[in-house]
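Next up: just one chain, as structure tokens, the form predicted on its own.
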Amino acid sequence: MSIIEIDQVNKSFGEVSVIKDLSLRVEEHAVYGFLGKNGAGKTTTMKMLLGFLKPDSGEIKICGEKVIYGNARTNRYIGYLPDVPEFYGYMTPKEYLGLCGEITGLKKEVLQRRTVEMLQLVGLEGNNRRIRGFSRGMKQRLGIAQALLNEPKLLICDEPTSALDPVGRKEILDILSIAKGKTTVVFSTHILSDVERICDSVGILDQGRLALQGKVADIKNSYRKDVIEVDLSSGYPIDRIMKLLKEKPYISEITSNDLRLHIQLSGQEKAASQVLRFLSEEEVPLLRYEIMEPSIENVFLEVVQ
């Protein structure tokens, strides 16, 4: 089932066209990474999903229901974490979630249970400090707890790990990975390693258009280039081995950087094993032999202009 359906959506601000014929689908219980350079249209798209902005044309549906600008009943399906969430600094986490639950009409017993569950999920249970003293990472975690309080079918996060240190980023990504068991997660980011770590699928925006969309594993496989990297021990005559390798029909290109060989294979079957066999027969002293996997970062740099 598609939680999000966007069909032929366009959005301009004055004479500036920000979103151009955008169509995409996000399936249930996925972690979907929404990628793009600054200004690509990620935040604009998210605001249209939430009914905060009106598309110039096209249609957006959440859980099969059309999103209507200014009357977004579809937001009852959504939990939202903005890039910089705001809080009442004089409150504790428990008090803040209690207020949010009352505003959204949660029954008292449900609110008490959900508050405990969410604070445990984000690692803030038993924390009675005032929110004004929280770090950026703690505020992001509390923001996720608030966004998940009503058990939404869709969690939308706008740059949830931006400006966090590595420990804070790991905490947020771990929480999102756990959350996908009960909801669908969509988050925008420019930190491509975060996407590769937890996302099932990605969509890459380039100048307002969807340049690429698909499952992470499928995308990486389609951009595979059959490359091997080899690190040699110091003192080995690298020029000699490069000359011999260039003569092999299963190698299309070979370059070096100090004692590291970058070998582009020709695509022949078992080419990688042939390289390893040759190096073994020549008794080449290897420190590392690695068949390189394409990364989302490499794919991103290839498809964006």
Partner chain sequence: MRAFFVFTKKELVEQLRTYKSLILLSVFFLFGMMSPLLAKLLPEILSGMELQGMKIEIPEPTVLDAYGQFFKNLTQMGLLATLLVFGGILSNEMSKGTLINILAKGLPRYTVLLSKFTAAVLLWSASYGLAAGVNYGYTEYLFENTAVHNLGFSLFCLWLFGCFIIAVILLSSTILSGNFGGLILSAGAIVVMLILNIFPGLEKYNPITLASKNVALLLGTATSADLTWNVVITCLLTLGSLLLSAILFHRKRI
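Residue numbers count along the first chain shown, from 1. Please read all numbers here as calculations on a predicted model, not as lab measurements.
One more form of this protein should be noted, the form predicted in complex with the partner chain, which is absent from this view; the next part is about it.
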At the 4.5 Å heavy atom threshold, is Glu95 in contact with the partner chain in the predicted complex? yes
Please run the contact check for Pro249 against the partner chain in the predicted complex: heavy atoms, 4.5 angstroms, yes or no? no
Any non-hydrogen atom of Gly51 within 4.5 angstroms of the partner chain in the predicted complex: yes
Should Ala147 be counted as a contact of the partner chain in the predicted complex, where contact means heavy atoms within 4.5 Å? yes
For a quick test of understanding: in the predicted complex, does each of Tyr69, Leu99 and Arg130 have a heavy atom within 4.5 Å of the partner chain? yes
Quick check on this chain: which one of Ser135, Thr104, Gln120, Ser234 has a heavy atom within 4.5 Å of the partner chain in the predicted complex? Thr104
Listed range touching the partner chain, judged in the predicted complex by heavy atoms within 4.5 Å, from 78 to 86, 198 to 206, 180 to 188, 220 to 228: 78 to 86
Looking in the predicted complex, the residues of 213 to 234 with a heavy atom no more than 4.5 Å from the partner chain, listed in order, are none
